[in-house]
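Presented below, as structure tokens, is a lone chain in the form predicted alone.
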Amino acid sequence: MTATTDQDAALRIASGRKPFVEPLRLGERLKEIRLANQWTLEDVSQRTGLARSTLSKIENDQISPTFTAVQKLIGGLGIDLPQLLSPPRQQTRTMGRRDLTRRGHGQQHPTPTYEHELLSCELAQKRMIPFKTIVRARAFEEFSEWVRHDGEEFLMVLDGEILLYTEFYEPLHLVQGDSIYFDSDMGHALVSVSDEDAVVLSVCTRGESAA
């Protein structure tokens, strides 16, 4: 059986949603802006010079606004084009989810240099991926390539000391209690420098696509 590499483990841990192109929902965005300002269709009509019927059709995606209409919306509502074209905020409702991981009961992902324990594995569609890692590596040369994955990562040293190698910076010495936040698509690698193997806690955001 082929051993799992650090890159394989990182991709498995940080794998997220596949990229897709989201259509412009300009009508929905216009309605969101209007309601956020407690404006009626008549209010917006007076501000922009567009008929109420036209605004209603735009909001309900029955027609697409002309360039001239977009200009009137921007000028009349006092917003800029990026604000109008921003995707509408998703109306989410908390489901009160929680996921307990007892000590030592996470999913194990051992590699030649790291011993990952993936935490909170029962929740689907998480926005963050927490995991604890015992850093077995003792030299940067033990890594055949940089570890990298989409998203961002927060790391805290729970026990011991490490050197954090990154492709754009000099190695950084971190001791127990130190923490760092970095873009995890930047190549990185951890090496223990304490007598005992260091233990770190990492929290990654899900990337938009697998690296």
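Rigid core (definition): largest C-alpha set, two forms, superposition within 1.5 Å. The first residue of the sequence shown is number 1, and the count goes up from there. All figures in this text were calculated on a predicted structure; none of them were measured in a lab.
Keep in mind the form predicted in complex with the DNA is missing from the figure; the text below concerns it.
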- Message: Counting any heavy atom within 4.5 Å as contact, can you tell me which stretch out of 56-64, 172-180, 159-167, 141-149 lines the DNA in the predicted complex?
- Response: 56-64
- Message: Is it the case that Leu50, even though its partner is missing from this view, gets within 4.5 Å of the DNA in the predicted complex, heavy atoms only?
- Response: yes
- If you check in the predicted complex, is Arg29 within 4.5 Å of the DNA, heavy atoms only? no
- Task: Flag Ile33 as yes or no: does it have a non-hydrogen atom within 4.5 angstroms of any non-hydrogen atom of the DNA in the predicted complex?
- Result: no
- the DNA contact at Met186 in the predicted complex, heavy atom, 4.5 Å: no
- Query: Which residues from 168-188 come close to the DNA in the predicted complex, meaning a heavy atom within 4.5 Å?
  - Reply: none
- Message: Glu42: after superposing the rigid core, is there a C-alpha shift of 2 Å or more between this form and the one not shown?
- Response: yes
- Rigid core fit then Lys132 CA moved by 2 Å or more between this form and the one not shown: no
- Item | Threshold 2 Å Cα movement between this form and the one not shown at Gln71, rigid core reference | yes
